[in-house]
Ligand code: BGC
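Just the one chain here, the form predicted on its own, laid out as structure tokens.
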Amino acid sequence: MDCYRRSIEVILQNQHSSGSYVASPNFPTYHYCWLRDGSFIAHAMDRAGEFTSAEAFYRWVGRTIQKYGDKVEDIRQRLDSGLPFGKDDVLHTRYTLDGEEVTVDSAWGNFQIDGYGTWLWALAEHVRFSGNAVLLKDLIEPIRITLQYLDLVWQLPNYDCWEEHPEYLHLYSLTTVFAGFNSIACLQEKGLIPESGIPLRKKAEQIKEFLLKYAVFDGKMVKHIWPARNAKPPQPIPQSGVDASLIGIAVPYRVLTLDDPLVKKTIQTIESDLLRPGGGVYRYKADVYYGGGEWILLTAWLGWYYVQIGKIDEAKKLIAWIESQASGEGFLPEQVNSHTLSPEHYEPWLRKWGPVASPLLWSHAMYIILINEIKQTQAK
């Protein structure tokens, strides 16, 4: 089976008529669209030349954000007045495929900002790959709402990209906000969209300075940051260990360059702590979700980094491993559980939610991105 063509088919077959992408059609907990997953899926479609699919997603995001955009002014007023806001007062991290909020699950952490930074970055990439700058005219209002939202909340504690630790700030989430601000600034400088009233380049630089000041320990980046409190400044949390999502600080968000010593040491730690020899990449050492298996999407993400630093052979080894994990139907799962970090935690999750999500569209997306990254590099 052609895993690449099959991956494109899986994504197209699981795109809703509204334009949203279901996270996983066979896993009830994931019968929603996350802006984070969806933005990477749309980017994969852009890399594969499936621009119509990607555009439909960006338009869905635009409509959804406009539907709930009044929340941003309410948040501004609450922050100005020193008033708290609840889990449903923020823009949500996931929506139904029709673009409605999910309010029936009182335990779900809605406040996650990384999807909003990622959709701005991915939208700008869509314009770069497709040349479709006309789309921006229809999305000016949701872009403006998103920029205002991120400007208000980026220094507030919120859930990380794994839906965990709402008490912290998160390096990965902040890299997405940096990329969102920078990407839209670039479009403004090209005259493709009007100024937003927010000094985006300055804001992006402020986030970068924040990360360099508060997210570095022992020469590498840390996963979590204690927020400022009781007149004390933010602090890195080294005991959190390294997280594979930290690859994002260089690829694709470019907060730091590929040759930056902080990037190199962070990636080296990911390789030593989270890359199983001959296998895939774990999320983080303390992972217990379904026992803490190797994640397809993170394996492809590391391969994406390898291609950009010229390690094509290493990237191809990861591709081979990913392809070997495809089911008979050509589905790529969320994670592979044959070598788990915490095997005693596998069965409890199996009883709670059933088998691991498969297919996971984000897994297929990162694989598509990696394949096209190699093609693009070799074509130069």
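Note that residue numbering begins at 1 and tracks the sequence as displayed. Computed from a prediction, not measured in an experiment: that's the story for all the values here.
The discussion below concerns the form predicted in complex with this ligand, not included here.
Practice item. Note which of 125, 260, 163, 151 lies within 4.5 Å of this ligand in the predicted complex, where distance is taken over heavy atoms; exactly one does. Key: Among 125, 260, 163, 151, a heavy atom within 4.5 Å of this ligand in the predicted complex occurs only for 163.
Review point. Can you pick the one in 331, 321, 30, 58 that has a heavy atom within 4.5 Å of this ligand in the predicted complex?
Key: If I apply the 4.5 Å criterion carefully, the residue I get is 30.
Practice item. Report whether the minimum heavy atom distance between residue 366 and this ligand in the predicted complex is within 4.5 Å. Key: Residue 366: no, not in contact with this ligand in the predicted complex.
Review point. Taking the shortest heavy atom distance, is residue 370 within 4.5 Å of this ligand in the predicted complex?
Key: Close contact is absent here: in the predicted complex, residue 370 is far from this ligand, nothing within 4.5 Å, heavy atoms only.
Check your understanding: Would residue 253 show up as a contact with this ligand in the predicted complex if we use heavy atoms at 4.5 Å?
Key -> Contact check for residue 253: no, nothing within 4.5 Å of this ligand in the predicted complex.
Check your understanding: With the cut-off set at 4.5 Å between non-hydrogen atoms, does residue 289 touch this ligand in the predicted complex?
Key -> Yes, residue 289 lies within 4.5 Å of this ligand in the predicted complex.
Check your understanding: Looking at 32-40, 312-320, 46-54, 65-73, which one sits within 4.5 Å of this ligand in the predicted complex if you count heavy atoms only?
Key -> One stretch meets the cut-off, namely 32-40.
Review point. Quick one: which residues from 344-363 get a non-hydrogen atom within 4.5 Å of this ligand in the predicted complex?
Key: Result: 360, 362.
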